[in-house]
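First, one chain by itself in structure tokens, the form predicted alone.
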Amino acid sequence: MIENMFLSSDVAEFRQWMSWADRFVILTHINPDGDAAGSSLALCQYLKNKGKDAVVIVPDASPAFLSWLPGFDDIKVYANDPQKAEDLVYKADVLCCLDFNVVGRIGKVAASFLYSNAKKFLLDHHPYPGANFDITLSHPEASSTSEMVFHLICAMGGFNDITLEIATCIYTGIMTDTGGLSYNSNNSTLFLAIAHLLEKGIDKDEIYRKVYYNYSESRLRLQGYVLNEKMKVFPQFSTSLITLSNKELKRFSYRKGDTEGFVNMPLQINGVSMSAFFREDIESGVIKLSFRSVGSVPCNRFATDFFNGGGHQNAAGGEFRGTMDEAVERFMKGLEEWSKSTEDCIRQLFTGK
């Protein structure tokens, strides 16, 4: 028996749309990660198998280590052909918005989204969803949007419609968004869902190898450089910080996705409860920020309080417009300010209690 996070009434309106709509466009966020790609491709394949005209549109390309995913080659990248992507959005009957909570997260696709007359469906696990959607299914307690796609399909009576390809995409999204089930995954319902995916024939060990054992030599050398020369640990704050400039990235022939997982590495150090990773992004002209934490330490609060970012309690992010030195200065001032807090969840970062 499947323990579903959705009631039949939760999906009734979307089921009704399925009865008349023919053209579905699935949208996800800038810099699509494993969960964005996995959830989008899974839903797209499900819709196609139901006879729908379905396509995934992303603002920019996904990392190369996800290129083996079923259906990956059919993804439309807005940056490569804006006019084609906008035409698809305008002609859609339904826009399915996956793995983002506000329209700003889809970058330049936002303009055509806002002008489109299509029905708009949000399926997401980030807190505080926006108001631009006709249906909103928001579950911040979910491990990933991919897990939510599994429950959406099942709530619509489609468990038997989940093919091996769909199951593979769903598991990839779950695995990558939980760090290999190492955080935001302490839920029996999630593991029951994974058990059902195993019944569909997924090889979770092979999926792990394809994602995490699929890097270039230069990426491994970059990782060594980061650990040896760029990782700073601040024991008084139980925190670490890694920064990488464009110059350093070019030195190691950086490709999109090469820094995936770097923010998690310092959490292996005894006594480090929060980790931050700042990377210069030459395309957008901003500094990309990633935060991770353990236990009840709310790194999303830190991202919000000092960088207008956000996310989940143990995984958050944001952007900073300024120099790397300015970003680091704000980071250190934030830690100093937090060190004076009397909130238990913040005090844990500095006391371990």
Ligand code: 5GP
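Throughout, we count residues from 1 along the sequence that is shown. None of these values were measured; they are calculated from a predicted model.
The same protein has a further form, the form predicted in complex with the named molecule, not shown here; the description that follows concerns it.
- The chain is drawn here without the named molecule; in the model of the complex, the stretch among 323-331, 59-67, 43-51, 290-298 whose residues come within 4.5 Å of it by any heavy atom is 290-298.
- Shown alone here, Ile26 lies farther than 4.5 Å from the named molecule in the model of the complex, counting heavy atoms only.
- Contact annotation for Ala37: none of its heavy atoms lies within 4.5 Å of the named molecule in the model of the complex.
- In the model of the complex, at least one heavy atom of Glu319 sits within 4.5 Å of the named molecule.
- Interface residue remark: Arg105 is counted as part of the site for the named molecule in the model of the complex, having a heavy atom within 4.5 Å.
- Among the residues His151, Lys119, His126, Arg219, the one placing a heavy atom within 4.5 Å of the named molecule in the model of the complex is His126.
- Along 298-320, a non-hydrogen atom within 4.5 Å of the named molecule in the model of the complex is carried by Gly309, Gly310, Gly311, His312, Ala315, Ala316, Gly317, Gly318, Glu319, in order along the sequence.
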